[in-house]
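First, one chain by itself in structure tokens, the form predicted on its own.
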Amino acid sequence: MTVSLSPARGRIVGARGATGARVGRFVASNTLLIALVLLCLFFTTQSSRFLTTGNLTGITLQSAILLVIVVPMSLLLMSGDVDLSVGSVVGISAVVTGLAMTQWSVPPPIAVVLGVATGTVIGAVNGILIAFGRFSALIVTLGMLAGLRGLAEVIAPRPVYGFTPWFSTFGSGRSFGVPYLVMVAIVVVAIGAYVLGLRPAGKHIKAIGTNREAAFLSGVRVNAMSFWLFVGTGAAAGLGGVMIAARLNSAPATSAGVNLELDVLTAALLGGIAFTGGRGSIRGPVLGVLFLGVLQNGLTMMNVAPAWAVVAKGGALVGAAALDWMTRRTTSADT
């Protein structure tokens, strides 16, 4: 027996199929945003204080330092490299900033410059070894992770504190209701989006991550680009060290920036950055940082033990792998 569809019914079925495909692509490309909204709704049902202005401002303030570092790290990951030393760079930069103000009698603005410069120099060393020396990025930055933490504890075995009011205001002050640290994070996000949006630079970063040799043969200055991405990541980590010292009004070498590299990678991978390079955006990691900030804040408001918060972050990292799988499947299906 033969079954035939009328042309009109065929068009309706085809339209429904196309609509379903569009919805599927939208969900796949906005999974993290949908998850963030659902997470906010869940915590709203658990606490009436969650959606208050003070709490939401606290989430953005808590996320500002992570956001400053995740933006250049995302660009670095897109190029196929990674920097595991950012947590320790934050720690030693915070220590240098604190010592400059309290023991070296350096004016606070110059101390801030020294803190950022510390991270910049470390990023340059990483870049020289990895981009030009062709050392393994994992091994070099893992060595820096351990060595810089030890060095920070050697030069400041006890927490550095007693900063000037100007520096403390930078860490806790606001303008028009927006914390200064959040303003710094917004500027860094804007710079990252601008760099990635530049037609030559953004394409070159992704081209290096997709195929380094092909990018080189196409005229891309591969080594120079990789070097400057490491410098930018180090400078951002140095700025993060300054920010964490200002926020805490202290620079503890043993805890400032500890395990921060895990949070940075989790946020970037949640945001759709491919660990193997070649794919990603700035919007995704920003949403990843906000997701982690909301998760941490909500669990704290629910009086969940800190150990379970770590478990939740680990689950988020596994979820990032699932998101990457979904994105790759959707992309391959479209092509």
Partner chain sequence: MSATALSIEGLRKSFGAKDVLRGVSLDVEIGEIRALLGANGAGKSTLIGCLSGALQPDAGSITVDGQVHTGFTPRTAFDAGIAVIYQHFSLIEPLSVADNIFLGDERVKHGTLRPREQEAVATELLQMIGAGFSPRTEVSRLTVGERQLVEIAKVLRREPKVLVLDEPTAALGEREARLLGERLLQLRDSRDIAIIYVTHLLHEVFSLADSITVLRDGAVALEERMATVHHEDVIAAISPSYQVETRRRSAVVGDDAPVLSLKGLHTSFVGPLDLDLAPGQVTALFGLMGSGRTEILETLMGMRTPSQGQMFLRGRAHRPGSPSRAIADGFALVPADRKQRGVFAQLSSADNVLLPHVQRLATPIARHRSRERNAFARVADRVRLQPADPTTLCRHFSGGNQQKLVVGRWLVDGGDVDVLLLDEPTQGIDIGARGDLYRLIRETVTETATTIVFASSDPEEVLLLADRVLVLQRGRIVVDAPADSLTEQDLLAAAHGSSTSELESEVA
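Numbering follows the first chain given and starts at 1. Keep in mind the model is a prediction, meaning the values are calculated, not measured.
Omitted here: the form predicted together with its partner chain. The next part is about that form.
- Exactly one of the stretches 166-174, 99-107, 202-210, 83-91 approaches its partner chain in the predicted complex with heavy atoms within 4.5 Å, and it is 202-210.
- Although the partner is absent here, G133 lies well away from its partner chain in the predicted complex, with no heavy atom inside 4.5 Å.
- In the predicted complex, none of the heavy atoms of N249 sits within 4.5 Å of a heavy atom of its partner chain.
- Contact between R221 and its partner chain in the predicted complex is found at the 4.5 Å heavy atom cutoff.
- Not displayed here, its partner chain is kept clear of R283 by more than 4.5 Å at the level of heavy atoms in the predicted complex.
- This chain is drawn without its partner chain; in the predicted complex, the residue among A214, I155, A190, L138 with a heavy atom within 4.5 Å of it is A214.
- Of all the residues from 272-308, those having a non-hydrogen atom no more than 4.5 Å from its partner chain in the predicted complex are G278, R279.
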